[in-house]
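There is one chain below, alone, in structure tokens, taken in the form predicted alone.
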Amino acid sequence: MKKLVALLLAAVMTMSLLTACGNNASEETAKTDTAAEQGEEGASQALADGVLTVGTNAEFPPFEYVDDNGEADGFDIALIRAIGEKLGAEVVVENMEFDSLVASIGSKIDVAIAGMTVTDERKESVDFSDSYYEAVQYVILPADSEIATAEDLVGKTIGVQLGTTGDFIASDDIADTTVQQYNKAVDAVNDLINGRLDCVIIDKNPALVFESRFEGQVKAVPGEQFAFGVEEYAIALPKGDAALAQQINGALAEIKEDGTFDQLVKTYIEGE
């Protein structure tokens, strides 16, 4: 009888141990699955290979241009490389047409930085990082032009870079215009100098660069004179990738805080 009781007790204890082990294993598996899910949510797949592929249009000095070595350079390029360094990612820059940047995000490129203004229309296709620069449109005119107000732009032939804010303004906000679209802003300015255009609408900083480059031939007039508003530049991101947005915004905040951003402004925009 004692042997039978002992055998029964041993069986009960064995079953209890097996049940406990099974529960522990299930708990550990659940914990592992949860951790994996959190890891996926906490880091973007765009950075999974350690490379951030960035689209730009290197026709927009001083924000982006092609340097003497044939490489993309400028404020935006230096900024995104600094962000990549903060994220521990290699930055690969792809130079393409401005108008194709938004459509390429998530396929050919991970993000885009190209002096791109945040607009409601673009927000339908992509998300944006925190703003990193405020800009206003300028009007480039022949040096002897008498155009001076918004009303003077009505009915004029206006040159713009395709897909830019200047393009939207000329096409949608000014009556009776003939809009000539260019892939390269410098081509529009050359046509202006050659009498094929009445003006060119483009962002302030490149406008001032062209005014200096073609000194005596053109003048750059602030957009406030034509009732143009202030715009915000930001990095275009894949729609819905909250993890990537958080990582890039965090790196951007660090760059602003540690003085890197101000130094880039002095180097590329203020020319110091």
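All residue numbers are counted from 1 along the displayed sequence. What you see is a predicted model, and the numbers here were worked out from it, not measured in a lab.
As for the form predicted in complex with a small molecule, it is not shown, yet the points below apply to it.
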- Query: Heavy atoms within 4.5 Å of the small molecule in the predicted complex: does Gly84 have any?
  - Reply: no
- Does Gly74 reach the small molecule in the predicted complex if we count a contact as any heavy atom within 4.5 Å? no
- Answer yes if any heavy atom of Val160 is within 4.5 Å of a heavy atom of the small molecule in the predicted complex; otherwise answer no. no
- Task: May I ask you to state whether Phe210 is within 4.5 Å of the small molecule in the predicted complex, using heavy atom distances?
- Result: no
- Query: So which of Ala114, Ala170, Val111, Cys199 gets a non-hydrogen atom within 4.5 Å of the small molecule in the predicted complex?
  - Reply: Ala114
- In terms of non-hydrogen atoms within 4.5 angstroms, which of the given stretches 243-251, 44-52, 227-235, 66-74 touches the small molecule in the predicted complex? 227-235
